[in-house]
Ligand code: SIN
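A lone chain, given as structure tokens: the form predicted alone.
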Amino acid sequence: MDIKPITPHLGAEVLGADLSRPMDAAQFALLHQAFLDWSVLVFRDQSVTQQQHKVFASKFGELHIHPMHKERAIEDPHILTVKTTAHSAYTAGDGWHTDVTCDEYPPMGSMLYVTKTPDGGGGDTLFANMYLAYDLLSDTLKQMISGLVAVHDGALPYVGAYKSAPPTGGYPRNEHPVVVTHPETGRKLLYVNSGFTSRIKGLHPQESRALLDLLFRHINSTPKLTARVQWQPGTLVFWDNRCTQHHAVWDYYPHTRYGERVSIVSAERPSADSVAALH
């Protein structure tokens, strides 16, 4: 396998990998290191079944079940269909977010396999580097947000945007630090996103809103944070959900885009400290 960077700080294409075939320990070690180095890995010209997709994902941990699949008759709860047509009321991920941060243990990574791209072009996905988002903040603001905790609420996107009926007890709502440390790299990163983060604890509502809006604007208006992935049929993208955000651009109406996503559960909750940081 060869690694071809997309930008100097985020994203790489992996050349020479066939994800339908078994992977030995040396290949997996190379791939895992590339994942930590680049955060977003792009695999072109793949032909994988749903089972092969899940087998590859399971090498990185337990498979995630999306909150919208709870209490529903889904043929395979580990497969999240990502389909947008001319009749769709919305497209999943049309806004900067990190996947399912409302969970107590959000996904450590997600793998989206796209088999149908819009006939008229478009449908790219933007990724943003949350290590860099944190690094670019002033020392004063870093000190200010250190130790703060934010609420991540699944009702924001799933009820508010998607109009989904919540399961018994409602969609998950959990608290995570505003600044977390990546459990494997030991690097600090910004961990709030406009998709799920509803407020910051301990602040008055107007203070919380102002600070979150400032951080969200920092993310969505700083192009140097981003890498752009152009999809082709048979492309699988694996992103580190712990240190990136992404935005699926819906610029292809009335055409269709289809893919299937498998996510991997984190082994630990997002934390201001990590094992990697302590060594």
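As the structure is a prediction and not an experimental result, all values here were calculated from the model. Note that residue numbering begins at 1 and tracks the sequence as displayed.
What comes next is about the form predicted in complex with this ligand, which is not displayed.
Within 4.5 Å of this ligand in the model of the complex, a heavy atom is found for all three of A92, T125 and H246.
Contact with this ligand in the model of the complex, judged by any heavy atom within 4.5 Å, is made by just one of V151, V82, L137, M144: V82. Out of the listed residues H182, H176, H78, H97, H97 is the one that sits within 4.5 Å of this ligand in the model of the complex by at least one heavy atom.
Residues placing heavy atoms within 4.5 Å of this ligand in the model of the complex fall in a single listed stretch, namely 246-254, out of 23-31, 208-216, 40-48, 246-254. At a distance threshold of 4.5 angstroms between non-hydrogen atoms, L156 is out of contact with this ligand in the model of the complex. When contacts are judged by a 4.5 Å heavy atom cut-off, W231 counts as touching this ligand in the model of the complex.
Looking at F56, you'd find every heavy atom of it more than 4.5 angstroms from this ligand in the model of the complex. Residue contact with this ligand in the model of the complex: F238 places no heavy atom within 4.5 Å of it.
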